[in-house]
Each structure stands twice: as C-alpha cells, then as structure tokens.
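First, one chain by itself in structure tokens, the form predicted alone.
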C-alpha cells in the first residue's frame, strides 16, 4: 500500500499527516515548539529546534504507524506558514533565530514605504501588503538596525526553504510562498527588482524559484536511512498553508470563501484574476497557473482565546489548556448574543487586515456592573470573529460570497462556527478534515500523481460533515454591535500610537 505524507510547518507546531491514495488519513502526529518574545514587537523561533522537532515527529510517524501497516511512502509534500525570515552565513548556518510573521519591529520601515509612490507600485506588483509581517520589510529593518547580521547574511530564507535545504541540499522556494515575501512580482513570476533594491539585496541571496509541484532533489542518504525511506521517495516543495487551506476546504468557486482560524486566521477567495484594492487592504498571492488566492489575514485568532484561557481559566483541576478552553466555551453559551453590550477588540498582537495597524492593542469596551466572567468569555470569542468578519466584509466589495467553508482548530469548534454563520449571515460548511492545509497538500500531490486532472476536480472532492445555517435574529444583533466594533477599531488609532510610543520610551 502506498501513501502520501504532508508536513505542515505551522506557527507553533509541526503537523504531519499520512494519507492513503483515496485521501483518507491513515496516521497523524504533532510536535510543538516555542516562540520567543524577547522584547515588545519581537517574535522569533529557533530554526534548529523546528528542524529537529519535524525530524523526530516524522521518524516516529513512519516507524510507529506506517511501517507496521506496511505503507510505503510515495511522496512528502511540504507546506508552511508565510512571512518567516531566516538569515544564514556562507557555511549555511543560521545567524540568530528566524523572525516570524507576528514580528512587528519593522513598523517604521513599513509605514514609510506604504506612504511612498514606490510602496504603492510594490503592492500592485507583489500583491503583498506593506506591513512588518512582510520579509521585504524585515530585511529592510535588518539593514537599518542590525547591520552586522545584514552584512554577514549570505542568503535570506523562509523556514521552509531552510528545512528543505537540510533535507535535500538545495535552496528553493515555491511561487506561492515567494509571493508572500513582498519580493516577487506575481505578474512576471520573477524577483521584483525595485523590491530587492529597497531591501538592499541581490537575487543570488534568495532561494531558487520553483513551481508548487517542483522537486528540489532527493533526500540526502543519511535521512533516507534515518527515516527508512526509499531513495526514489519524492520530495515536493509544496505551497503555503493559506493557499493549501483554501484548496483543502473545497472553496474553489468564486462565490465561496474559506475561513481559517488556528493561532492566527484569514478569509480567502480564489480566482483567475488579481483583486485590485487601492487602499491596500488585502493580499493577492500566486498559487499556480494564473490562480490567485486573495484575502486578508488576522494576527489574532485562536491564540487570543488561548491567552484568555491561560490568564482566566480555572486550572484548579488537572486539566490541560484545551479542556479549559472547552469549559470556557460551555460558559459562554449561556450568554446572549452581543454579550449584553460588552465588546472586545482582540488586537493583542497588533493587527493586519483590514486596519493594518501594528500598534493596535486589545481592549474591552462597554463594561458595566452587571457583567460577569461568562460575559468576558463570550465577548472575547465574538471579538475574534468580528475581526474575521471585518475582513470578509471588504472582500465582499469585490466578490459575491454565498457560503463559507471553515477550517482550523478554532474555526471548527461548533459554537464558533455557528457564530460565524450568524455574524456573516451565510451558510457555513464544516469540512470533514478540519486540517484543510494538510488535505490541500495531499490534493496537490494527488494532482501531481494524476489522480485528479486539475485544481477544480481536486477541490470538488472535499466532503462536508455539516452545514450550519445563520439565525436571522442573532445576525441582526451582531450587525448592530459590529458597527460599534468597527468604529472603535478606527477611532482608537491615535491612542494605539500613544501607547506604542510610551512602550518605546520605557525600554
């Protein structure tokens, strides 16, 4: 029997799935790694720790789950979260930690670029919003603020490029992940000269561009032996987690959108044309064959609710964080929609779409003497989903969206999915496999193997276990509160700036 392995290098964990050739999950495993916030606005990870964790989890999955069932691995497809940046020296050794998408230290560089004519031209050329998340901005920050590291850097990589080089010896990046760097022209599919000039780097300092179906090379012999894999096991460069989540959720028609909420979140649509927005409120990332994934990301998804659970959950009994979160959701279900007037701005990590304000901060608004713990729980969940809806709202200025497909550990919690149906006032399809990014990677492999002729057929194979219908009365309530949420997110901009400046002064 043959199988396909997908390796997802996520924000806080590596998730590895094995699929049989019918698309059924036959094994899965997960390994976590930390993110370091050594200063405000800094978000880093140890690339060696990520690699070792990935290797350990992959070896255990193969030896403990696949080999006993007599599965032979035909291919391994890699996917990863976007916007990471790792500098390496001439020997290929990392210089410091990898900088993640959540890092906001390049706020000044991003704002100056966004306000310039060059910035507007780069946004339309690359499809990547001008924000500290962008590797383009991260490199510019290094050039301006960490000259020694910038000068020593032989190459500027993503985490996935580094992992693939460790396994195969080749420095590569797929078109999809490259289009999220702010350095790739998505129309010519070449590194954008003006972006490289702004960053102060040369094309040779970036990995080789490759189709999402590309094969960087064979596994090194030591890893063939360690993992017990055949020499002809295919290694596919794969794509980004966002693009694969859209494919895996089956949202391949222009009247559908997919909502992913794990630690962070996003609302996405797919199309054959770039969606133009002069206000630079969303991204356009290239997948393949003139397919573009358009949408907006939020920094503040499940990570915010996990933060709430750790700060205010009841840990008196020996429960883990996930169990605590389930208990909190049960409490929230006893509160009326709108949390009796308590609103939450979820901007604990600044924010990307649609306000693109790295200085944004979280706050509770509307508090009165009658509010209790359970109101805070529900308001926190509603605030996360209001933010997601604010992204969907701007996409609907360009697309008619009739239904949503949701995926990710937070979005597929039934309570949260129903709230999304109510807030968006649209049917919400619950996918059978909540990890749509991994399923998308399987489908990419299946297309490569000829099991599906194209993306449309592959996406159409996605099954939904349930469709939730919106409740009109609750939608009306949420619509009224969302208007206040939206106004507050804009009105507090000056206050966000003042708080950020006070933090800078006190360092």
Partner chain sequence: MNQFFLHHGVSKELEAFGHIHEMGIRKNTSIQLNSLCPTTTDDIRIYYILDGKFEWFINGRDHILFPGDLAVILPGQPFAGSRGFVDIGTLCWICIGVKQVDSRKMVLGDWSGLSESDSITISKVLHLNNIAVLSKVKEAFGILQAIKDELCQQEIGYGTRVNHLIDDLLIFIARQSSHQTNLRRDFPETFTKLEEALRQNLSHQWTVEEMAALIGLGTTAFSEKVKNYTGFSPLNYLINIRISEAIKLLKKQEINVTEIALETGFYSSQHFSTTFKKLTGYTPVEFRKKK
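Positions refer to the first chain, counted from 1. Here the structure is a predicted model, which is why all the values come from computation and not from measurement. Between two forms, the rigid core is defined as the largest C-alpha subset superposing within 1.5 Å.
One more form of this protein, predicted together with the partner chain, exists but is not displayed; see below.
Novice: Would you kindly say which of 393, 253, 220, 398 lies with a heavy atom within 4.5 Å of the partner chain in the predicted bound form?
Specialist: Flagged contact: 220.
Novice: Tell me, out of 203, 427, 341, 94, which residue has a non-hydrogen atom within 4.5 angstroms of the partner chain in the predicted bound form.
Specialist: Selected option: 94.
Novice: Does every residue of 100, 120 and 356 put a non-hydrogen atom within 4.5 angstroms of the partner chain in the predicted bound form?
Specialist: No: no residue has a heavy atom within 4.5 Å of the partner.
Novice: Test of understanding: in the predicted bound form, would residue 53 fall inside 4.5 Å of the partner chain by heavy atoms?
Specialist: Yes, residue 53 is a contact residue.
Novice: Can you work out whether residue 116 and the partner chain are in contact in the predicted bound form, taking contact to mean some heavy atom pair no more than 4.5 Å apart?
Specialist: Although the partner chain is absent here, residue 116 would stay clear of it in the predicted bound form, with no heavy atoms inside 4.5 Å.
Novice: In the predicted bound form, is there a heavy atom of the partner chain that lies within 4.5 Å of any heavy atom of residue 226, even though the partner is absent here?
Specialist: Taking the distances in the predicted bound form, the answer for residue 226 is yes, it comes within 4.5 Å of the partner chain.
Novice: Evaluate residue 165 for contact with the partner chain in the predicted bound form, applying a 4.5 angstroms cut-off between non-hydrogen atoms, and reply yes or no.
Specialist: Heavy-atom contact with the partner chain at 4.5 Å: present for residue 165.
Novice: Which one, 441-449, 55-63, 473-481, 455-463, holds residues whose non-hydrogen atoms are within 4.5 Å of the partner chain in the predicted bound form?
Specialist: Selected stretch: 55-63.
Novice: Would you give me the residues of 288-315 that have any heavy atom within 4.5 Å of the partner chain in the predicted bound form, in order from first to last?
Specialist: Result: 309, 310, 311, 312, 313, 315.
Novice: Is residue 309 among the residues whose Cα moves by 2 Å or more between this form and the one not shown after superposition of the rigid core?
Specialist: It does shift by 2 Å or more.
Novice: Given a core-based superposition, decide whether the C-alpha of residue 373 shifts by 2 Å or more between this form and the one not shown.
Specialist: The answer is yes; the displacement is at least 2 Å.
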